[in-house]
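A single chain comes next, written as structure tokens; it is the form predicted on its own.
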């Protein structure tokens, strides 16, 4: 059997660099203990790794204070800390229809049960949010603007610097969900006017699952919504207020931090522009190849500028799930189908009524041969659909 061609890198990158596996194994065998809880050598080494990884990520995002780099389980965990820790009854928030459920669901919960009002700014026909539309939605009660840096469905990279400047001028907290972009797009929290950045380790940062974090700009306060052990000042009944302990609770994921450290180090050694450039070159080949296949509808792909290596499409006459199954079984291609945890994107595209789309996410270890195999598979399925007319017709829906 041929090895699986993995084109689901927008969900999680796979495989990881060999150095990530090696470092995680070696470190966990040597110092896989609870960091910061005692003074013996293994405990000190584990604590040092956490500190080193904080500094590494702070430099990576051009932050100023490593103590304000807080580890979480993933981006969803980080976004929940941000949203529930900033908004309260009577507040107003602005977000977009590009968001993942990790933003949509907490905001919906607050709007339904906590008296928070939320505005959703749509994207245009090219897949981008106009900063002027963000500005129009701001009210005196607006406490938070939260934006997906890049869509996990259509891959469009949003103009966060322009949006951030508007928020800074108005004194409104600007939070960015960098789940898709961290490790693939350079992020400068200072130049981009980002107040809070949420990221996950298992995507383009090339670390394992179960580790993520957020960076909080100096002067921005996130209310504590949890409490627990920190290994510091254990006699205090109140959870510590200083960062990073303010937003960290219980035993940290030391193995995840080791993998994240190794993943970021690999990116820095290769160069973020080189890694991303390889992926976007393959995405361009995929995009051009799909355009030549009759019956394929792509979404927001007319202009490749400002896109990640993420592309969603449908085949006329096929449901997305069926296309994905055939690609898996007959061509050994792993991809993602459905609504991609971003229902408002599909509502606006018109694909929600046809159960979503097929998504390819290209990673650093994909090859031109992978793309050519995928194109052959899609061409075969499209030809079969033309003859058999399986399911309902699918067409590109203008937005």
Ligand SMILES: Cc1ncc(COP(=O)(O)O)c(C=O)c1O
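Predicted model only: the values in this text are computed from it and were never measured. Positions refer to the first chain, counted from 1.
Not on display, but discussed next: the form predicted in complex with this ligand.
- Here the chain is shown alone; which of 152, 96, 158, 261 has a heavy atom within 4.5 Å of this ligand in the predicted bound form? Of the candidates 152, 96, 158, 261, 152 is the one lying within 4.5 Å of this ligand in the predicted bound form.
- Could you tell me which one of 265, 74, 224, 253 places a heavy atom within 4.5 Å of this ligand in the predicted bound form? In short, 74.
- Query: Out of the stretches listed (179-187, 295-303, 111-119, 316-324), which one is close to this ligand in the predicted bound form, meaning heavy atoms within 4.5 Å?
  - Reply: Only one stretch passes the 4.5 Å heavy-atom test: 179-187.
- Task: Answer for residue 202 alone: is it within 4.5 Å of this ligand in the predicted bound form, judged on heavy atom distances?
- Result: Flag for residue 202 set to yes.
- in the predicted bound form, does residue 148 have a heavy atom within 4.5 Å of this ligand? Although this ligand is absent here, residue 148 would touch it in the predicted bound form, with heavy atoms inside 4.5 Å.
- Task: Please check if residue 100 has a heavy atom lying within 4.5 Å of any heavy atom of this ligand in the predicted bound form.
- Result: Yes, residue 100 is a contact residue.
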